[in-house]
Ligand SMILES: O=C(O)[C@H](O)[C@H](O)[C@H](O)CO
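Before any questions on binding or motion, here is one chain by itself as structure tokens, the form predicted on its own.
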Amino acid sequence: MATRWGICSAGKISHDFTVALKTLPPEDHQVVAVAARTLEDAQGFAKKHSISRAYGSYDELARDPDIDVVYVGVIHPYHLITCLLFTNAKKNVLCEKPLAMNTKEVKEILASAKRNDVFLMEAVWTRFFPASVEIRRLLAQGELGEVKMVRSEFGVPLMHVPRSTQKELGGGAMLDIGIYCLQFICMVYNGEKPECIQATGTCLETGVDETVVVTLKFSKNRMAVFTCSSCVQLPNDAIISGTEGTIRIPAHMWCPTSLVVNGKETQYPMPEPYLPLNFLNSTGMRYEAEEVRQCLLKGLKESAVISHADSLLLAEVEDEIRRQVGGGVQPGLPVNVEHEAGSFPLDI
């Protein structure tokens, strides 16, 4: 029986996720409903993607009895209120990264999912790419010996994008793109909490971080460093260095289609989309969608690949980085705001 998806928001990322779902067998994945801030937006999205039901509010989607799991694609200040809406409605949830604006909110979402006995996963799509699966296999088999250093970069000019620069829209390089570098390091070091976090950077006049450089020290003198920037283009690659070899992830490290292991390159091409995409390699979201299906079939409430503990660790380190850089740890939308579609200003 197919996993029946509901899509929450009719923005760019939801478009790409829906396109990615269509690269999977229809007997395994079906999009049965979409909800947007206005019925007109939802109907336009539904027509484009041949979806049978369109809702002009997120509450209607939460009440739909034929939805197995909801994909949440709203901007991250609204993740808390939106995730709580669906978890309290006993809906399984795949929520775009970052799971929430800070550690406190992440804990609220995780507690709600546990209380309502539903599946919840942060959509850190990178971890499910075939290249990422191969990295974990190589590390588990000790192919690099002892990993001593990890480096990662993600920088793209985003000054023209309001949600990247405005505090009320959840702006800041760390939460938007730096999370990819951080999750990569945390994956390599198997979810271990760093012993030391040193961060420096620059902030915009709007009060959000623009460029951040972070050094992390782990147990046994293992190190990591990453740079993220929303104002300049960076090499956007990553390197894992061990005592017996290296793995290099060429650009673009957040949606990798190739690996260079000890100088030998292997390609991992993405499926072709049936409609134009908004973001690079977005059909790669098919892999996280299939992970959700497999978890639901097994009756799991979280994924071992990006577990609740992993999401909590990411939030805790992100909070400390932003505290040191000076951008501050801003909250999302207050939970007591009504769940009407009009109260959600922007989709991704």
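Counting begins at 1, following the sequence as shown. Quick caveat: nothing in here was measured; it's all calculated off a predicted structure.
There is also a form predicted together with the ligand; it is not shown, and the following applies to it.
- Taking non-hydrogen atoms only, residue 180 approaches the ligand to within 4.5 angstroms in the predicted complex.
- In the predicted complex, none of the heavy atoms of residue 151 sits within 4.5 Å of a heavy atom of the ligand.
- Contact check for residue 216: no non-hydrogen atom falls within 4.5 Å of the ligand in the predicted complex.
- With a 4.5 Å cutoff on heavy atoms, residue 156 counts as touching the ligand in the predicted complex.
- Taken together, the three residues 29, 68 and 86 all stay farther than 4.5 Å from the ligand in the predicted complex, as judged by their closest heavy atom.
- The candidate stretches are 170-178, 261-269, 239-247, 132-140, and the one lying within 4.5 Å of the ligand in the predicted complex by heavy atoms is 170-178.
- Residue in contact with the ligand in the predicted complex (any heavy atom within 4.5 Å), chosen from 127, 222, 252, 163: 163.
- Looking at 265-283, the one residue that comes within 4.5 Å of the ligand in the predicted complex, counting any heavy atom, is 279.
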